[in-house]
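Shown below, as structure tokens, is a lone chain in the form predicted on its own; questions about how it binds or moves come after it.
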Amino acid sequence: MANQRRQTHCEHIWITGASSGIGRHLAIKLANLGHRVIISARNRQALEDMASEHEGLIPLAVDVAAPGAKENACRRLAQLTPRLDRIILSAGCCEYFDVDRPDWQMMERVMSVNYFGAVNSIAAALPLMGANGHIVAMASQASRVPFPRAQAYGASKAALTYLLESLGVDLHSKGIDVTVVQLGFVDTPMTADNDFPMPFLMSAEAAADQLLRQLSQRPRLIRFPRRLSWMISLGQKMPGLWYRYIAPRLSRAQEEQQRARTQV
């Protein structure tokens, strides 16, 4: 019964990374269900265009990784809503590491968005969130096993996963649920330039639909697609198989790697 009440009443929801990909589809679908959805991203014009096209969307342009992001978001959120029932942290970035030409600053750039951006967002939202609140964050199945060139991305999502799991323990007594979403490959602007095979690739809309079906139950973990999850579970149980056979198949072709190394 509690879940049914959550589905029927109007929720005040904040979504980061809402200007494209899964965040955009979730925002539109939730607004169409009658919820009041605050949409955030760095691209102010994209947010304003979304809000003009879809009733129930409220634009809040913010860079969650910028200095002072927590204080800025906290102040502006309080001006827009008296409460937050749910936050969906969808802002993220991905860069790929090249061991032959290492860019070590990449680690800090990716972590600042994928991990500290989430920290800033949660810190800004919690003062507006009471009992029955719900924190949702987009992690990744890439954090479960080593993927080629994914050192920065995978590490940031592993840190995010642990942060959320630990918060779930501490916030349980306050009636706030925490859901970790470990996705596979989704067709979004972030993956559009990937130069390697992406098994079981999903559309952003299909991913959003699947998330909406499961989020009403507030599970601690959502993980899909199942076929990728099974493949990764096999790799965890048989790491030799993963390192020797599966992971190499997810790398760029040898000639592409060589061409990338010789580009000036």
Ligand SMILES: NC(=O)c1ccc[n+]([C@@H]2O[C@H](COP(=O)([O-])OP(=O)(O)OC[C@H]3O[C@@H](n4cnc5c(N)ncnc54)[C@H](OP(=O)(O)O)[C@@H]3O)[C@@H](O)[C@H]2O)c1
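Residue indices: 1-based, along the sequence shown. Treat the numbers as computed from the prediction; the structure is a model and nothing was measured.
Form predicted together with the named molecule: not shown, discussed below.
Visitor: Scan S216, S203, N43, N32 and let me know which has any heavy atom within 4.5 Å of the named molecule in the model of the complex.
Guide: Exactly one residue meets the criterion: N43.
Visitor: State the residue from C74, A150, M129, V186 whose non-hydrogen atoms include one within 4.5 Å of the named molecule in the model of the complex.
Guide: Of the candidates C74, A150, M129, V186, V186 is the one lying within 4.5 Å of the named molecule in the model of the complex.
Visitor: Which of 132-140, 98-106, 78-86, 164-172 has heavy atoms within 4.5 Å of the named molecule in the model of the complex?
Guide: One stretch meets the cut-off, namely 132-140.
Visitor: Report whether the minimum heavy atom distance between A65 and the named molecule in the model of the complex is within 4.5 Å.
Guide: Judged by the heavy-atom cut-off of 4.5 Å, A65 is in contact with the named molecule in the model of the complex.
Visitor: My question is simply whether A91 lines the interface with the named molecule in the model of the complex - judged by any non-hydrogen atom within 4.5 Å.
Guide: Yes, contact at 4.5 Å.
Visitor: Are any of the heavy atoms in I22 no more than 4.5 Å from a heavy atom of the named molecule in the model of the complex?
Guide: Yes, I22 sits close enough to the named molecule in the model of the complex that at least one of its heavy atoms falls within 4.5 Å.
Visitor: Is M111 close enough to touch the named molecule in the model of the complex, meaning at least one heavy atom pair within 4.5 Å?
Guide: No, no contact at 4.5 Å.
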